[in-house]
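What follows is a single chain, given as structure tokens, in the form predicted on its own.
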């Protein structure tokens, strides 16, 4: 039976803003036969970050179009370090750290692709498995002889490092990555390599090595490097990288990153990072343009990506946490927050430390807010605002000026949230 793609992958990537360049013949190949295509991930950390989501989305769309994705975790190439986009030599990882990183990246990739069902089920490979049996002399003789130094020197990743210096180790990286393509073509029938546009030089070294070694024909497809409209670097928050690992970036922070992107960025990112259909996205954009203050694009983007990277429960918790901060939460929803999410939600609000001993005995609300802390500058002002129904403890309005605050008010064992008016929060911490 002749192969019929579910849709034209190249056209799909174009409208989503996920296509920067492709070798001639790639589109015809994808429309003619089921293609195995791969993306390589260097395990430089135990977790992927959102910058890695672009190549992940390439694999996802490849599979959705009916083709077969291969995710390569670079247990071997990770030992060398890719010079592409780097201004200086990277520190080499020890083998124990590398294997831990490989395991972490492998676990995350399992979330995005179907590895179990169908003829186009995805596959995970580790290039250490084939490189561990190749000696240095064998590599030089059987592989290195096919690519000239002048060819390798012409690559931008090398040219950009000539002044600052590049080691033979990083210089040889493109050759090692190129052999990955040869091996996958020979052993897995893989005809396509994908990645970011900064990988173009390494990828075409692979297609050239395939040609010169007489292994067949390889094809290449790359996505653009994602930027922010304001020129800032995509994927960074005030805390640094936005990671896929919930221990490094909580689902709440992850959700907030997408929720807070600009309108212009949201219009691009929802095409690139979500799996919403074209009619859904175009309808959302039209609604958003009519009422941009509702941030419909950002909310849809944040929901789609958070559910796929984490889960529906984590999304619900992140939304509930967001509502708490913006005045719509309840004491019950506040008490359901984990300690890490509580601290993330109220990061930057004024904090005061109070004595556990005194809290056990009970502290009059006015003393707590005007003497033990400086939520109010005076008892008179605290009393007046309480009587005006303008003070809350743990999202519950304080109805009596003689309220005694005690350990029963603690959230997550050591926190009390005081609120003055609608927008002024204070975190009281025991200890």
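Residue numbers count along the first chain shown, from 1. Nothing here was measured: the structure is a model prediction, and the numbers come from that model. In this text, the rigid core denotes the largest set of C-alpha atoms whose superposition between the two forms falls within 1.5 Å.
Omitted from view is the form predicted in complex with the RNA, to which the following refers.
The contact with the RNA in the predicted bound form, taken as any heavy atom within 4.5 Å, belongs to 295 out of 295, 161, 310, 183. For the residues 263, 347, 280, 142, the 4.5 Å heavy atom test against the RNA in the predicted bound form is passed only by 263. Heavy atoms of residue 385 reach within 4.5 Å of the RNA in the predicted bound form, making it an interface residue.
In the predicted bound form, at least one heavy atom of residue 422 sits within 4.5 Å of the RNA. Taking the partner from elsewhere, residue 32 is found to have every heavy atom lying beyond 4.5 Å of the RNA in the predicted bound form. At least one heavy atom of residue 259 is located within 4.5 Å of the RNA in the predicted bound form. Remark: none of the three candidate residues (97, 131 and 135) comes within 4.5 Å of the RNA in the predicted bound form, counting heavy atoms only. Heavy atoms within 4.5 Å of the RNA in the predicted bound form are found in one stretch of 286-294, 208-216, 67-75, 109-117, which is 286-294. After superposing the rigid core, the C-alpha of residue 20 moves by less than 2 Å between the shown form and the other one. After superposition on the rigid core, displacement of the C-alpha of residue 386 between the shown form and the other one amounts to 2 Å or more.
Taking 2 Å as the criterion, residue 54 does not count as shifted between the shown form and the other one: its C-alpha moves by less than this amount when the rigid core is aligned.
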